[in-house]
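Here's a solo chain for you in structure tokens, the form predicted alone.
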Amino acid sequence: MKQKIYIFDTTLRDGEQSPGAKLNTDQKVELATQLEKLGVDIIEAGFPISSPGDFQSVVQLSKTIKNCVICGLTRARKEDIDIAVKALESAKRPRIHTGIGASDVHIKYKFKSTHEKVLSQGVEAVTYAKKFIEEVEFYAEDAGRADSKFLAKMVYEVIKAGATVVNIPDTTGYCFPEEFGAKIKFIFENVPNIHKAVISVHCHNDLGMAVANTLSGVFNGARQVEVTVNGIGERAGNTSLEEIVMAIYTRRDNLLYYTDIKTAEIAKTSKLVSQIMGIPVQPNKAIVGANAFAHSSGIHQDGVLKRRENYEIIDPKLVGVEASKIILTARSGRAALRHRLESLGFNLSQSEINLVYQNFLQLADMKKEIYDDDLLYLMGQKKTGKNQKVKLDLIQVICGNKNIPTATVKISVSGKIKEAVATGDGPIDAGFNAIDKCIGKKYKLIQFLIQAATIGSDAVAKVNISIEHNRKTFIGVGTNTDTIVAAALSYIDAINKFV
């Protein structure tokens, strides 16, 4: 029978400790609501005694979240526990997460104490917390560098005192996977009352092995994993929620574990965390990075087009990503070129593809990436100003932090000048709305991309857009040193494709 792995999310506590990632209460509630929708089992809401703001956040999450355990962090001190208990009063399922250092380094230099005193302090904290809240989790900080025999003794004593979960953290990301797994195995073999608690692992990524160490912990008996969305956290970050979840899911036929995470919510959750915390996701980040399902090598593109599983072990839709991306570059082959041209409505013979491919390579050698408008140019479909029925004559915008973005537009439609004024969410949106007024129709924007076509402060802006008309997608491109003008030109270019 498969065993459940409980997902303990600490994005709002440990993740928030990333420099610059401070959250207010409203932001924590928004993220926690999405984490609940994602299906995490436990949300570590904060460290209540650390600040009035953190206390209030734990209070509010306790009132708002109903389907997850709400956890408050404390040190092994009565005053910390008292404040956490108060903050968690409204929680449907509250949990206290208390603990103390277990390694010789922490005991000697951080606490300036002894093994006996630290052990006693930890047991007292659990005993005290247990008076108020049933679910008490104990963390043995820096367990990765702790003496295994002392660690086993500590685990035994805190479980005896009432701990329902014991967290074995590799706080400094020091361990190798085999080493960390062996430590968890040692605990299971040397703690007589181990069956009375859930063993949890909380790994940091200082050596890039947080996910590997966490999985190693699971393979050796841990049934709770402590993770953050996008792997954010102290220093190099924590174990990545999405990587652990998808590792277990992808290898489900070989593993005896499962989680209750709704994987289709992963991409959405990742984007929300990145947006609210202001921490970009690196493009090559597993599962949620921009390149996670992108292919630019000709060999890979050909394989993916023949069958996705040739180079993708995860269907992007499983994590909430619409589809894989075929990125056209100088390394792309004929199969990828044919695929993209067919999506634009061109069905070519092999000899025609061979001819276009030579021209494609010449252009690809000069550009980092080839876009649909470049292919249209190669196919001789690029319309010139002479052929366009709709032309931009003038665009002027007023915007700023104290102005409503307003655009004035003059366009020529088959030689007849039309003028309109419109507002929008920003200067570009206002320009599009004014163009729509001139045309007399509102178009649905499908895609919008701004790039620097050249380098320097006076770079030419290149704007690519896609709009929908009669259930078909039309692509437009515009270039200008003024981004707003370039956007208007691209919008009009797309309209000209079907006018």
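Keep in mind that this is a model prediction, so the values were computed, not measured. Just count from 1 along the sequence shown to find any residue number.
The form predicted in complex with a small molecule exists for this protein as well; it is not shown, and the discussion that follows is about that form.
Stretch-level contact check against the small molecule in the predicted bound form with heavy atoms at 4.5 Å: of 310 to 318, 198 to 206, 366 to 374, 338 to 346, the positive one is 198 to 206. For E141, a non-hydrogen atom is located within 4.5 Å of the small molecule in the predicted bound form, even though that partner is not displayed.
Within this chain, T171 lines the site of the small molecule in the predicted bound form, having a heavy atom no more than 4.5 Å away.
Among heavy atoms of N167, some come within 4.5 Å of the small molecule in the predicted bound form. In the predicted bound form, D14 approaches the small molecule with a heavy atom inside 4.5 Å. Between the options A407, V126, A210, L73, the residue in contact with the small molecule in the predicted bound form by a heavy atom within 4.5 angstroms is L73.
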